[in-house]
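There is one chain below, alone, in structure tokens, taken in the form predicted alone.
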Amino acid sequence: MKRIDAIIRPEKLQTTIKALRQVGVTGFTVIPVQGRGQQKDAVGVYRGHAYDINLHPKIKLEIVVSDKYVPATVQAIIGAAQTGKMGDGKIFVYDILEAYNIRTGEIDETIDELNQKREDT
């Protein structure tokens, strides 16, 4: 099981959600974030005064999927969020060791890789 964190442009959120649904991913968390990468600074004007914008607004998607869904999920995000310009974002993939259902307090039995790992040990 993997956690996929995707940092994308805010204007690409709805397109990305639609692409995720098309590959069967319906559960995710959306977090507004600000960050800095290779994207150039901009200049903003507030009440007649210019100021540097060195943190850019982005959206962070956190998604947990079975290993077999990782390639399709990553490709869906890239296809939906890519503009070809600097500042499109990044995707990070992490291993998930366990997941628990808060309501029951038990290991989430609906995740197939967790069941396999329990049987293997």
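Fair warning: this is a prediction, and the values are worked out from it, not measured in the lab. Here the rigid core means the biggest group of C-alpha atoms that line up within 1.5 Å when the two forms are laid on top of each other. Residue positions are given as counts along the sequence shown, with the first one as 1.
Below, we turn to the form predicted in complex with a further copy of the same chain, even though it does not appear here.
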Is Tyr69 close enough to touch a further copy of the same chain in the predicted bound form, meaning at least one heavy atom pair within 4.5 Å?
-> no
How about Ala99: is it within 4.5 Å of a further copy of the same chain in the predicted bound form, going by heavy atoms?
-> yes
In the predicted bound form, Thr104 touching a further copy of the same chain (heavy atom, 4.5 Å) = yes
Does Gln14 reach a further copy of the same chain in the predicted bound form, with heavy atoms at most 4.5 Å apart?
-> yes
Determine, after fitting the two forms on their core, whether Gln22 shows a C-alpha shift of 2 Å or more between the shown form and the other one.
-> no
